[in-house]
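Each of two forms of one protein chain follows alone as structure tokens, named structure 1 and structure 2.
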Structure 1
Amino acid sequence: MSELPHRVRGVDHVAYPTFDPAGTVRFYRDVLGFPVVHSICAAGWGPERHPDFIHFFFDIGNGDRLAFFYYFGLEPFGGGPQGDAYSRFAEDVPVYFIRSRHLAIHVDSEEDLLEYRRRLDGSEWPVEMQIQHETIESIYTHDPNGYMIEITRALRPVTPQEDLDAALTIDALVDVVSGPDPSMAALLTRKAELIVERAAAWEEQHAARATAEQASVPEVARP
């Protein structure tokens, strides 16, 4: 487990190229209501051959931003019939792989999730799926550039034991992918060893921490 101080503060911006800036602005600003918060008009990029471009940013909440590059005169690149403005894939590439890279934007409540569903369903880019996963509920669509966008809410707060479980999963994963034949069976077998080694001690420490925190709360503040 890392003991390094954790100083980062979320997403400053994530950036994608677009060949359809008008559609991109309609989708993010006019349909979803994400404000345009910054843009750069760049005449080339110094001495190298580089097209003039517009770099523009939408506020996706929490001070985080989704940015695009539009390059004047640039035509889409080839590569196959599937994919998006950035990546094109051959016909035989499975859709689960293509969809694995996506942007998920957080909302706080079911009401907010359904509000964005209403906005999308009234547009050219209606919701394609609404799914309850293990502990989150999400809606999905593709933006005018073909990028998959997810909007998601938590069905409940994450519990402390899920952090332990994640740590054990990742330690087991790192172990099994270093071995000769990575598989789910190998991972779950290794993870069971880690559960036996570490889970009981974790629970004792967690209980002790919770007791200490409770003791530090003034009597009047307790429910």
Structure 2
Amino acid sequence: MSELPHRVRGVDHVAYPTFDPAGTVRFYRDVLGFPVVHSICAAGWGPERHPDFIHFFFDIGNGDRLAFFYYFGLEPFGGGPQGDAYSRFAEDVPVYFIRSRHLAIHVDSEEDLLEYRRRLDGSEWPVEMQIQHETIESIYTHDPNGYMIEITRALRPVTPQEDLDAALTIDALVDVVSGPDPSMAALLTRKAELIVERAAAWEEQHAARATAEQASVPEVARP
């Protein structure tokens, strides 16, 4: 039995690629009731020939999340020799697509993250990348099965405003991928349209909430 201190705090997120983001959103959000809690629109990201993509997350309880990648313009493909021990991809499948399938495990602090880096770097499976991106900092390696493993810490909390942004982004994505030419530009345009369309409803909700709060204040407390 290992006597090393146990510092991990469960699953941060599990991530997979999808060619059907609309169906994925319908299944997890609309059928199972898992809220969309975060999304990342990555335009012009990464090395040469890396397409625009969206990375979106569902709340699966206990602070854990299930995430998916959708790559604009990437067509479905069959099996082949690449990938982990249980999933194989053709030789021409981009590495970024294969690596999008990974498990991320959360730790509380930079100290803990660096401790796991020390352990990995002293093993047969040293850290391959250490990256700060958006709200997290992560280290990555592959396990003996070929699975990419991420250990991650939060750089800051995700705000309620970002949750609202994620919901708008996913609604825009579902609309765009149903059209003839999905792209990051089309996604951002549709998202802007949804913001304009919903602005009046948000203002009405805010006004109604303010009125209800004012009505709940006792007469003696009112100015």
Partner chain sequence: MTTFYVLDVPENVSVATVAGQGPDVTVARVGPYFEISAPGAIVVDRRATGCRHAVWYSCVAGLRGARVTQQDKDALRVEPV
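Everything numeric in this text was worked out from a predicted model, so none of it was measured. For clarity, a rigid core is taken as the largest C-alpha set superposing within 1.5 Å between two forms. Residues are numbered by position in structure 1's sequence, first residue being 1.
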| query | Which number, 1 or 2, marks the form predicted on its own? | reply | 2
| message | Rigid core superposed, CA of residue 122 - does it shift 2 Å or more between structures 1 and 2? | response | no
| C-alpha of residue 138 moved at least 2 Å between structures 1 and 2 on rigid core | no
| field | C-alpha of residue 74 off by 2 Å or more between structures 1 and 2 on rigid core | value | yes
| said: Could you tell me the distance the CA of residue 199 travels between structures 1 and 2 after a rigid core superposition, in angstrom? | reply: 5.4
